[in-house]
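As structure tokens, one chain now follows by itself in the form predicted alone.
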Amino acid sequence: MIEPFDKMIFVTRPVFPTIEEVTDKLRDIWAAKWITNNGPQHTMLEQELKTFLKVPYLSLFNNGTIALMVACQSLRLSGQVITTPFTFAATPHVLSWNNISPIFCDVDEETMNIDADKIESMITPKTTAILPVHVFGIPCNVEKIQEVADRYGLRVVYDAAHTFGVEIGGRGIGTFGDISMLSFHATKLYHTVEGGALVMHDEHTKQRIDLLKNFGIKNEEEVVMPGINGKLDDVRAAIGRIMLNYVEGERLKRKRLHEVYNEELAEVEGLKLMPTCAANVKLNYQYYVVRIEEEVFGRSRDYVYGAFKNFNVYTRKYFHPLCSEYTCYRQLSSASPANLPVANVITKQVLSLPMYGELTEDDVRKICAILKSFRS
């Protein structure tokens, strides 16, 4: 008989720097007497992130949602934007906040990302852009998406919230599309407690985005566009500078835990594991997700989710429900289940299992043993 964990095992936990490191950075901020509005820590973090992520231009934000809203504003998107229903609520919400109608496209059965082969069929004369999501850090079919966008003159804005540090062929994930959004929320592999960023290709776009995130203020006497307050303060920027030293160590810990999950669960009938990426893709191992096929496993995803709690293990039905099922979107014709057959199956199967560097290999093996014990 498997005993419950003595402590609560959450689906994720933030990486914490030492309090001494934070205190040292706070002393620098207090000495500079500059706590926000593009202070020294903010400026240095932007430069350090550009190098770390292998991107040409980057603008820091107070969170990823505001960043994505500004990305849509900066490209003057309008009308309709094609996106995925299998994502966090913020993805379609930023479109609505910009008076844009989200058009939901079904997802790929293997990667769970937007199905690049179905995007073209969703394009109308009102379509101005594609907003794909690199779900669970697995890159989208970036080549196919760009090919479709180029053929129809569409913009591509990536929700890359899950993909900090991911690369394709040595190229930073943020360099694909017109703009990519990164999230630095505390639940992510890399965080600034709360925060985010936009990655862009040219100085002009960065200047426009920097204006938009600061009320449109050009100087003391000029406001040149209707902006918003999306700036990252120096305290969180300082924490972000510290956290850059922790990212690779945390990534490698999670990589090993991924391997243990795969070793333990590979032969379990009724479980579909994380998709395998091409050899030239560098992953960040931020999540570990399984899909539970009830008719084979013998138990539903919802049963497993509830039963895990009896063992002090807290998983997440990520993403459930689909965004297309929200009351604010389900009236859209593209939200019809008939239009999203794959997404409607996956959302009832997906379960995100605990994944963070503080877990031990024995913890993961026990989680797997508990999961296997549910099979009937």
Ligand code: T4K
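The numbering used is simple: start at 1 and walk along the sequence shown. Predicted model, so just to flag it, every value in this text is computed and none were measured.
What comes next is about the form predicted in complex with this ligand, which is not displayed.
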Give a yes or no for residue 133: in the predicted bound form, does one of its heavy atoms lie within 4.5 Å of a heavy atom belonging to this ligand? yes
Please determine whether residue 13 contacts this ligand in the predicted bound form, using a 4.5 Å cut-off between heavy atoms. yes
At the 4.5 Å heavy atom threshold, is residue 65 in contact with this ligand in the predicted bound form? yes
Residue-level contact is defined here as any heavy atom of the residue lying within 4.5 Å of this ligand in the predicted bound form; does residue 311 satisfy this criterion? no
Pick the stretch from 337-345, 49-57, 33-41, 315-323 whose residues have a heavy atom within 4.5 Å of this ligand in the predicted bound form. 315-323
For the three residues 87, 159 and 287, verify that every one has a non-hydrogen atom within 4.5 Å of this ligand in the predicted bound form; reply yes or no. yes
Though this ligand is not shown, can you say which of 254, 185, 282, 241 has a heavy atom within 4.5 Å of it in the predicted bound form? 185
Exactly one of 181, 173, 232, 140 comes within 4.5 Å of this ligand in the predicted bound form through a heavy atom, and that residue is 181
